[in-house]
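Let's start with one chain on its own, the form predicted alone, as structure tokens.
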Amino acid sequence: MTKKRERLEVVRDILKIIQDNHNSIKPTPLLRHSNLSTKRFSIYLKELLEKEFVKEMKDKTGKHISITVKGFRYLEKYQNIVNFIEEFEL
């Protein structure tokens, strides 16, 4: 049985993919790497844009998505929680 990713984990995964791609990735590769359906990916991306965790930029090569300061803070806080859970073996 495979474990379904929790919402916070999916958000972390999307932000991590962007970060690992030098903080700039086109929507299609991000969708592919996120391992989500197109519909679920669209919902998450819309929410991340609305909450200003990511921003969309356009140039001559198309749209690119990058993480904002708020998105980087999320990644940092998420890692703090993971470290806490591991430290106390919860």
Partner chain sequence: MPMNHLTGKAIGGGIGQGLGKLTSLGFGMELIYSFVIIACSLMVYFSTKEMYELSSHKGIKYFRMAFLFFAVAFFFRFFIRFLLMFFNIPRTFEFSHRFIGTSTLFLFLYASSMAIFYLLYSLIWKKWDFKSNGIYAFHFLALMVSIISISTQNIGVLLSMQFILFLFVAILSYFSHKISKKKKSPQLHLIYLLLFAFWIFNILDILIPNFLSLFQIFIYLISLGIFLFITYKVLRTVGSD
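For clarity, a rigid core is taken as the largest C-alpha set superposing within 1.5 Å between two forms. Residue numbers count along the first chain shown, from 1. Bear in mind the structure is a predicted one, so any value in this text is a computation, not a measurement.
Below, we turn to the form predicted in complex with the partner chain, even though it does not appear here.
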Exercise for the section: Answer yes or no: in the predicted complex, does the partner chain come within 4.5 Å of a heavy atom in every one of 26, 43 and 58? Expected result: no
Handout entry: residue 22 within 4.5 Å of the partner chain in the predicted complex, heavy atoms
Key = no
Exercise for the section: Considering only heavy atoms, tell me if residue 70 and the partner chain come within 4.5 Å of each other in the predicted complex. Expected result: yes
Problem - 4.5 Å heavy atom contact, residue 51 to the partner chain in the predicted complex - result: yes
Problem - Sequence-ordered residues of 64-90 touching the partner chain in the predicted complex, heavy atom within 4.5 Å - result: 70, 73, 74, 77, 80, 81, 83, 84, 85, 86, 87, 88, 89, 90
Practice task
Examine residue 81 after superposing the rigid core and state whether its CA is displaced by 2 Å or more between the shown form and the other one.
Solution key: yes
Exercise for the section: Classify the change in Cα distance between residue 20 and residue 83 in the predicted complex as closer or farther, relative to the shown form (magnitude of 3 Å or more). Expected result: farther
Practice task
Tell me whether residue 83 and residue 22 end up closer or farther apart in the predicted complex, going by their C-alpha atoms; the shift is 3 Å or more.
Solution key: farther
